[in-house]
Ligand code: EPU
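For reference, the chain that follows is the form predicted alone, supplied as structure tokens.
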């Protein structure tokens, strides 16, 4: 019997995960799983580990590039109601790992809950946003996370306080663990003011980033005391192309994809950018987007 038969009603073999990312390019996954709840997911993780398979979680697919060859492993989507539920208790918000960050930012703004309006226009699930400590110059999600419920790749549940999560710049301290939920501690404010800030941050991002185009967000992390976008722009790389991929003319730290682009085009262009910046400025850029 195939290992996945106990989950046959919620596992898709040969699933087109590349099309589920914001790039909408790349190959397929050998299996795509939709667990019902934390217990179901934990059992799946244990079985996947026994089989020696690789497991990844796909949230909103905003910072992921799937190689054209696809992903030979198990991809999990936390899209069941038990993973997307959001509840409010005063200024505290409990959000499932599969909840949509942009929708939550908007809802909190409407309720007059301040602390995450600066994350407007960041397309992510709560789980992905915690793992990457998503944010920018208007704040990071880790600033307001009080605690999180995690599931390790071994299938063990962990309740972790903020200090133990290990937030850093676009990183955290739990490697491949999955975020089942996160509790946020926000501040009560005038809904008009919070909505105003949310709309202003959204407007600013749309004016400076290729929000409506196919991309994985920022391709590279910012080096210490520097901006990857400024370095790439200074190297004369805005508009540079490789096949169907192009360094965005609006923001140099974005690589956008045309309809006929391949994942290989994006990777070649990213490597060209990295090598050019290193040769020109002596700075080694580190990928922010995940490559599967």
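Numbering follows the first chain given and starts at 1. Because the structure is a prediction, the values reported are computed rather than measured.
Omitted here: the form predicted together with the named molecule. The next part is about that form.
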query: Looking in the predicted complex, is the named molecule within 4.5 Å of a heavy atom from each of 37, 84 and 125?
result: no
task: Have a look at 177, 94, 104, 218 for me and say which one sits with a heavy atom within 4.5 Å of the named molecule in the predicted complex.
output: 218
statement: Partner-free chain; cross-checking the named molecule in the predicted complex, the single residue of 149, 140, 209, 114 with a heavy atom within 4.5 Å is 209
field: Which of 258 to 266, 47 to 55, 229 to 237, 29 to 37 lines the interface with the named molecule in the predicted complex (heavy atom within 4.5 Å)
entry: 229 to 237
query: Even though the named molecule is not shown here, does residue 155 get within 4.5 Å of it in the predicted complex, heavy atoms only?
result: no
query: Does the named molecule get within 4.5 angstroms of any non-hydrogen atom of residue 73 in the predicted complex?
result: no
Distance check, residue 246 to the named molecule in the predicted complex, heavy atom within 4.5 Å: no
task: Answer with yes or no whether residue 195 is in contact with the named molecule in the predicted complex, where contact means some heavy atom within 4.5 Å.
output: no
- request: Go through 244 to 283 residue by residue and record those having a heavy atom within 4.5 Å of the named molecule in the predicted complex; state none if no residue qualifies.
  value: 250, 251, 252, 253, 254
